[in-house]
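Single chain ahead, by itself, as structure tokens, in the form predicted on its own.
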């Protein structure tokens, strides 16, 4: 019968915390860039300019049809190679981190674009008509009238997608990055206590994501009220 031994965890906490900081860095940057780029994609997709609409639709459909782990591998192989050949930057943990951030940001933007597009469509068309009647340009009306209302409606969905992204960052193990999951795996493999470290990592992910989900639900109730 397997005997659990949790003695490796206290000594590994500094290494695990360093991995958690990497996970949080990737999550924060991917959420920020994903929302900005996703907003632009949503506006382009709803644009009357066919070229922009086709580009945005193709981008969203492409990234939503490809497994995230495959996108991470593509950028893990492509971005460091480009940085090495164009800028003569050797492949290091920093370039691996940069490639992971780029991959997550571009991938998540496709999902944020659909959330934001639905949020924009949830705003009554009369709001845009009223803004245009007041002399605003389309860009001003979208920025000052439509988007503020749309973001208020979709904040819970954006936060939920951020929680999903936090969970998905564990996939950066394919690029040998020491995120929280990768750090736990390495410590467990080194000390021969892989089961304990993975259970501990799972418990940490659960506590963070469950707590964040409760906060999102509470925020959603306030928005609805």
Partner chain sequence: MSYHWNWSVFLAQVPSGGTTYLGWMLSGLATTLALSLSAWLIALAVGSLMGVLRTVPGRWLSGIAALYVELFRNIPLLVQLFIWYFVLPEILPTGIGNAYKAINPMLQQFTAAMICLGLFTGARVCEQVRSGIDSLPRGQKYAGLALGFSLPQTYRHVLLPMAFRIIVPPLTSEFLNIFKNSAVASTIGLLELAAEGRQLVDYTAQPYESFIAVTLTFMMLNALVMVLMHRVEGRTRVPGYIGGGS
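So that the term is clear: the rigid core is the largest set of C-alpha atoms that superpose within 1.5 Å between two forms. Positions refer to the first chain, counted from 1. A quick note: this is a predicted structure, and the numbers were derived from the prediction, not measured.
Below, we refer to the form predicted in complex with its partner chain, which is not included among the displayed structures.
Contact between residue 47 and its partner chain in the predicted bound form is not found at the 4.5 Å heavy atom cutoff. Its partner chain is not drawn, but in the predicted bound form it has no heavy atom within 4.5 Å of residue 31.
Interface residue remark: residue 27 is not counted as part of the site for its partner chain in the predicted bound form, having no heavy atom within 4.5 Å. Contact between residue 137 and its partner chain in the predicted bound form is not found at the 4.5 Å heavy atom cutoff. Annotation for 188-202: interface residues with its partner chain in the predicted bound form are 194, 195, 198, 199, 202 [heavy atom within 4.5 Å]. Relative to the superposed rigid core, the position of the CA of residue 131 differs between this form and the one not shown by 2 Å or more. After superposition on the rigid core, the Cα atom of residue 147 is displaced by 2 Å or more between this form and the one not shown. In this overlay on the rigid core, residue 120 has a C-alpha that sits 2 Å or more away from its partner position between this form and the one not shown.
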